[in-house]
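What follows is a single chain, given as structure tokens, in the form predicted alone.
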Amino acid sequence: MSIEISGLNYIYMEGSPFEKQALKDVSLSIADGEFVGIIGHTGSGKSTLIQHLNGLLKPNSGSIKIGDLVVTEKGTDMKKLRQKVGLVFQYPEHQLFEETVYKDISYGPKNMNLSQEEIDERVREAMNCVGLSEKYMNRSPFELSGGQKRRVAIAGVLAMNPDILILDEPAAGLDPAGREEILTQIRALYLERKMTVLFVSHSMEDVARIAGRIIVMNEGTVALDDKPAEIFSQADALRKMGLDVPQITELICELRRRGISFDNSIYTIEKAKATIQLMLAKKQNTGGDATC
């Protein structure tokens, strides 16, 4: 499902001494089936932006269209909208409240007035999508690991069969193993369902690994919007916005400063490894210095 945002403006606490414009004339088009990373430092507007997409916040001006639904029109069916747009908040495990994993995941489908058979099917399918075994179905969600709790929370949103999935810092606070686990599962979920995914993060490494397009927010505006290779080739611009670039990008920049000719578009370990192997093979075949 596609997203069209035009001239979006939002002001927190308008008219008060604490007034702050969080979004400034934001316009974006996101195609059906895209996996988009949204990055930016704290206060850049990224979380404010995504909360507009399922009607949690209403803009001061501008328009948002989700598929054929105009979110900003008076009288828009918000229940229908929130079935289409699933939003997983940062630290979603804090929203878990039921006695069992099954009850937590089935909460949304039950409110959609589905039959028990449909509810059971959706719970099982959602658990399978996030890699949770059915043996956890009758366990308390509070007995699970941090990564497993995140999976339960994401499964609860997936059980409503949204067309768009928005994830706000889904790996925040997890240990390295839990982080790897949840990111791998999100990527697998996207490949399986081919849904539109918006992945909000402050981690360049996480976004670099799984997003096909990156939007950089800065001071309430869209500062950059391009493919990952193009975004990470602008390391100086990112640093000026208070953002860190992926560690591998830092390494490549340092090697370039030392005279080794590397492509600017290298931003993942896998790509760096493949490039270095190619350079070494070329050097071995020619007996000379390898450049790329």
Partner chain sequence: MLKDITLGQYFPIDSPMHRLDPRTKLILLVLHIVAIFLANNAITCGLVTALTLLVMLLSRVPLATYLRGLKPILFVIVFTAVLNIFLTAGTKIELFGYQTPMTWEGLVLAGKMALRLVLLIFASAALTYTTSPIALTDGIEKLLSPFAKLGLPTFELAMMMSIAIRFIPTLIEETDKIMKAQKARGADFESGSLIRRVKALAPMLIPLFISAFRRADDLAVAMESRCYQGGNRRTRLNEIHFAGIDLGATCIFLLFFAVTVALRFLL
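Just so you know, these numbers come straight off a predicted model, no measurement behind them. Positions refer to the first chain, counted from 1.
Here the subject shifts to the form predicted together with the partner chain, a form of this protein not shown in this document.
- For the partner chain in the model of the complex, the listed stretch (190 to 198, 68 to 76, 102 to 110, 123 to 131) containing residues with heavy atoms inside 4.5 Å is 102 to 110.
- Proximity of Arg209 to the partner chain in the model of the complex: non-hydrogen atoms within 4.5 Å are absent; the residue sits far from the partner.
- Contact annotation: Ser63 falls outside 4.5 Å of the partner chain in the model of the complex, judged by heavy atom distances.
- For Tyr136, no non-hydrogen atom is located within 4.5 Å of the partner chain in the model of the complex, even though that partner is not displayed.
- Contact between Gln51 and the partner chain in the model of the complex is found at the 4.5 Å heavy atom cutoff.
- Think of it this way: in the model of the complex, the partner chain has a heavy atom of just one of Leu96, Leu183, Ile119, Ile215 within 4.5 Å, and the residue is Leu96.
- Note on the partner interface in the model of the complex: the residue among Val222, Ala171, Met160, Ile166 having a heavy atom within 4.5 angstroms of the partner chain is Met160.
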